[in-house]
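To begin, one chain is listed below as structure tokens, in the form predicted on its own.
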Amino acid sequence: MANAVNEALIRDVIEDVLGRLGGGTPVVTQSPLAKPAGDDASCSCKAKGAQSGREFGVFQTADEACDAAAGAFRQLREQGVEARRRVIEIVKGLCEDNAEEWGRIELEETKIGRLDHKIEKLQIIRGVPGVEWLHPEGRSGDHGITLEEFTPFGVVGAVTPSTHSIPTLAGNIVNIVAAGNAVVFNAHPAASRCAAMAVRKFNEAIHRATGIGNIACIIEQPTLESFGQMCANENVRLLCVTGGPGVVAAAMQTGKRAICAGPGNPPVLVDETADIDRAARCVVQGASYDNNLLCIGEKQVFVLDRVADAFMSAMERHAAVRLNGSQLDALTQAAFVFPEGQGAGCGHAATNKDFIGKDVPVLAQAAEVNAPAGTQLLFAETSADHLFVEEEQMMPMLPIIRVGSVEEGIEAARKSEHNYRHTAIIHSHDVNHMTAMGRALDTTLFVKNGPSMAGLGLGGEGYLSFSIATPTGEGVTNPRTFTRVRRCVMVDNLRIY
């Protein structure tokens, strides 16, 4: 089949696709997180009988989900733009009303991140744009009038991560439905229960309000096979993938258009013109957010030598704890998995999944350091080739690297970012330095003098999305991302001047 997923490629990247971000659970045909009998948190609709599955979006197979979503798309199209607005309001309202409960449910399932930030990511869902972004464009002249409109694809197939399961799912629904589409999710297995729970709740409320069933569908037990089936289904016209390089590569091999939000390893540069105290506060805030699970989060800091000591002292004032050399070595040995017979410094290691997204006390215990209550982040001075610099570690530990000049810092930041072109941050009051770094790294997000989250409107200006399409170039996704541009032309008529 021309559009079938390249099975060999997917199998080569299984661990990255469905195991890298949560719990280290291997992928199997039967999901390891299959819902146990009597699980009320994810079975709230079962008592309503077989019809509930058809109305409330949770399916056993990808083909069933895709077929149901195709029917929902047709219903949405018949009801028009006002129905899209109602769906969006329902999704946003449920996220706000259930933020505390859903944040807790997601944390209990994934066991990564911080509860306060899981809650906040649902509370800020209002920042995701809707139908107001879709303004038709008209042109008129001597030879008539032309109208260009943003129209839907139909059914979008989406992959969501374990790091921000419900927020990414909800944000995707808002953008995708605003564009007039329905959506099918193949969630990360480590966060599949909370995702299915949210889909049920969304669909129950949407069906009551509009009569539309299955506008957002999900495969209850996501597997490698269900991912492939979703991608290959003829109803799916567009893919939206939020994950690591493996799943991005697999999606781009399907032959269908894919909007891919891939990995990042965002560097920070601090120069001598920066407000050092503010820079330290922002770096701690960004790198500690949800235990550094965000792909946009600060992962390594390059600081000019002449202000490095002042910067690290300021970090300590803002609830960060500094590790010495032996403590750094102990944490490195624990936080990375090394080949047998080798240790830190071998250059070939993978992040230990037992440390991804864990709280500071877990890392502090491994480092054998006393971290007082309220500590937000650990940090240590390292070399530019340290594993904590090279790897997107996704834990509240930040390497600090001294550089002799801005030019050296920009080049080191460029190298550490691995050409993902995702996110970069600078703290500086020199416009020339900002310009040079922006041009050199060419990232989708470039944040100046703020925490990384400001790139998504949290502390800065802008709209919110949890899918940032860097490999395929769409950038921060919005409703227009999920539309086709169609042109309607009337020749020599309807001109009114």
Ligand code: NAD
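Everything quoted here is computed from the prediction, not taken from an experiment. One rule holds for the numbers: they count along the sequence shown, beginning at 1.
The form predicted in complex with this ligand exists for this protein as well; it is not shown, and the discussion that follows is about that form.
Colleague: Flag Pro399 as yes or no: does it have a non-hydrogen atom within 4.5 angstroms of any non-hydrogen atom of this ligand in the model of the complex?
Modeller: Judged by the heavy-atom cut-off of 4.5 Å, Pro399 is well away from this ligand in the model of the complex.
Colleague: Answer yes if any heavy atom of Gly243 is within 4.5 Å of a heavy atom of this ligand in the model of the complex; otherwise answer no.
Modeller: Yes, Gly243 is a contact residue.
Colleague: Using heavy atoms and a 4.5 Å limit, would one call Ile119 a contact residue for this ligand in the model of the complex?
Modeller: Result no; Ile119 lies far from this ligand in the model of the complex.
Colleague: Is there a non-hydrogen atom of Ile212 within 4.5 angstroms of a non-hydrogen atom of this ligand in the model of the complex?
Modeller: Answer no; every heavy atom of Ile212 is more than 4.5 Å from this ligand in the model of the complex.
Colleague: Whether Arg77, Gly180 and Val183 jointly form a contact site for this ligand in the model of the complex is the question; each needs a heavy atom within 4.5 Å.
Modeller: Per the other structure, none of Arg77, Gly180 and Val183 touch this ligand.
Colleague: Which single stretch, out of 220-228, 103-111, 268-276, 404-412, brings residue heavy atoms within 4.5 Å of this ligand in the model of the complex?
Modeller: In the other structure, the partner sits against 220-228.
Colleague: With this ligand left out of view, choose which of Gly357, Pro167, Pro161, Pro152 has a non-hydrogen atom within 4.5 angstroms of it in the model of the complex.
Modeller: Among Gly357, Pro167, Pro161, Pro152, a heavy atom within 4.5 Å of this ligand in the model of the complex occurs only for Pro161.
Colleague: Can you pick out, from Cys295, Val174, Val301, Val199, the residue that has a heavy atom within 4.5 Å of this ligand in the model of the complex?
Modeller: For this set of options, the contacting one is Cys295.
Colleague: What are the residues of 247-261, in order along the chain, with a heavy atom within 4.5 Å of this ligand in the model of the complex?
Modeller: Val247, Ala250, Ala261 sit within 4.5 Å of the partner.
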